[in-house]
Structures are given as structure tokens and as C-alpha cells.
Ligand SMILES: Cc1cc2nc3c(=O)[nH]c(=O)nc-3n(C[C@H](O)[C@H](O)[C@H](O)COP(=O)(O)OP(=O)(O)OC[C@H]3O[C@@H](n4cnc5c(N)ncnc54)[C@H](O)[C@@H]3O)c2cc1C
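To begin, one chain is listed below as C-alpha cells, in the form predicted on its own.
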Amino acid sequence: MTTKKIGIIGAGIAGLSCAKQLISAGFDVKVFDKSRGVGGRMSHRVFDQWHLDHGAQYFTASHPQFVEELQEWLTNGVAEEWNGKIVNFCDGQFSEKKHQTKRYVGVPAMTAPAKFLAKNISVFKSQTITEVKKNQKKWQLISEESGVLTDEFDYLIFAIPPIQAKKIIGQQSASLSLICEQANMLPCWTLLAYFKEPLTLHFDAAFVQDNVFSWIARDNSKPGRDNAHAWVAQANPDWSLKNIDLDKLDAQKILLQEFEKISGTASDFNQIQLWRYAKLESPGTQNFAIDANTQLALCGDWLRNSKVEDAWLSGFFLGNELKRILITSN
């Protein structure tokens, strides 16, 4: 029986989850990502004196399959429950949340679970895939950094945001391009702020309403972090979309002013990040998509509901379905 070769574009949680399932069935899998690390939006930024999670802030677990995966992460020390004090903020007033959900974070950073998943996976970083082409019956990848890559694949999986996937897929698969086109992703302007002295806010994170922000959090309230007084403040999707073309310096000035109204203190150092594809506008029910004729497939949180759990489940379900298809075809 010939071992099928599968290429995955995107080393976020979805791509790594899918790779893990396929490797467990004996397939030859290689993962490619434009970044210097794995994890996608489960990201962590490091500065000289401080660091913080500036993408996904935490995750929850409800689906039995992901609960089982989470238990493995907890057992291996790459995730812990976050028992921070989380409140609501509306009309300038903070109020206690009545029902606290169990929230988890990667330890010592949100990237930890992704790094754990990637341990036994061939991941090629700093490879920005710009094009795919068929060479007889095999797929080849073309990257911005290396040109045409030497590997040839029986199947290609796109585990990246829909706009990026559609651009690469192009006319190769009308059905997958249409699915990508129909998914509307919302952006998120994010402020990263460092304070030499701790803020006098008596909570660790807040869901914000009637404000530029939708979420603010003190990063060192999470387990495994040091004592650097760093805060993340994520703008709400509506404001981010309206201001997506704003110059970075202008966006930074606005967000700093708004955060200072909440914190009462100017930050000692700050930076800004625009996540262009942060959140799916309308939750979906599709776990993945496959075009069996072209041997191309899609997975990602954006097919479900933009959460870490959704990303992992999408990759998990696609990996299992491809195992069934490819083993049957042999």
C-alpha cells in the first residue's frame, strides 16, 4: 500500500490537530506556515522586559473530544485553568459576573498547546505559500521565500483564514472557493500595554460593553506568567471593521486614550496589532470541507465559531474523514 503524502498549509491549532490525526494513521504529513512559530492566533509576543498573549486570550472546553484533548494538555503541563477575577464593564461601571465559566490558558504562554501538538510533526516555518499547482496527479507548493518546493502531495489541506485560502485555491476548486467567499471574518485592533507599576484595577479581566473595547485583561494574572504588569485591550469587531484602514499610529493613539479612561494611568510602553481575520461574523455548523475531485480540503475555526475548541475540532474531524477516504481508496 502506497503511503499518501499530505500537505497542510497553516500551523495553527486546526492544521496541527488535523496533522496529528493523519500521522496516527501512517500518512506522510508536512505542515507549512508563513510565521516563525506555530499556533496561529494562539500567539504570544515577547519584549525586552515583558511579554503577553496578544491573540486568543483563553479557551473553554465542552465537546467530549476536545475535553479529552484538554486533559492531555493539562496532564503534560501545557495548559492550566485560569481562575482570574473576570467582571463586566458597562457605562463606566464594573460588576461581578454571576456565572463564571471554566477558562483555560496555555502555560507558560498561549502558544504552549500548539508547540505540544507540533512536537512530532514536520513543520516548515517562514514559508509563505502563494500558489499551488498540479504536476500530473500530484500537488506542488510555491512559496514566497523558496519558490517551487520539491515535495509533491496527494492531498492539500488549507488550515488558514478563508480570504487567504481562496486567494491560493483560485480556480482550482470552485466549491471550496465559494465556501471561503461566503465566510465573513471580522478584524480586531489590539492594544498591548506595559506598566512599570501595577494598575489599581481590582479585577484581572473584563468583558466590555458600550465602549471601543470588548475585552481587557491583565496577562500576569494567568498561571505561569511572571510579574510584568502587561495588559491586553481588544477593540470590538464593529469599531475594528469601521477603522480597519486606519493608520497604525492613529489607531494606537485612540486606543491608548480609551484605555487610559479605564485604567486611569498612562502606559510606560505600548504597541498595537491588527488581527484582520479574528472572528467569524456568523457561527457556522460545517466542520470542514473536502473537494474529492481535486483532492483539496479546508479546515479552521472559521468553519465553526472562531474559538480554540472549534479550530481543534475542525482539524480533528477533517483528519478522521480523510483517514477514512484515503484508507478506503487504497
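Since the structure is predicted, the reported quantities are computational estimates derived from the model, not experimental observations. Residue numbers run from 1 along the displayed sequence.
There is another form of this protein, the form predicted in complex with the ligand, and it is not shown here; the text below is about that form.
Exactly one listed residue, out of Val208, Leu192, Val78, Cys188, brings a non-hydrogen atom to within 4.5 Å of the ligand in the predicted bound form: Cys188. Residue-level contacts in the predicted bound form: of Trp50, Phe27, Tyr58, Phe288, one residue has a heavy atom within 4.5 Å of the ligand, and it is Tyr58.
Within 4.5 Å of any heavy atom of the ligand in the predicted bound form lies no heavy atom of Thr111. Although the partner is absent here, Lys34 is a contact residue: one of its heavy atoms lies within 4.5 angstroms of the ligand in the predicted bound form. Not displayed here, the ligand is approached by Ile168 to within 4.5 Å at the level of heavy atoms in the predicted bound form. By the criterion of a heavy atom within 4.5 Å, Lys20 is excluded from the residues contacting the ligand in the predicted bound form. Only one of 240-248, 83-91, 171-179, 154-162 lies within 4.5 Å of the ligand in the predicted bound form by heavy atoms, and it is 154-162.
Along 290-316, residues Gly300, Asp301, Ser306, Lys307, Val308, Ala311 each place a heavy atom within 4.5 Å of the ligand in the predicted bound form.
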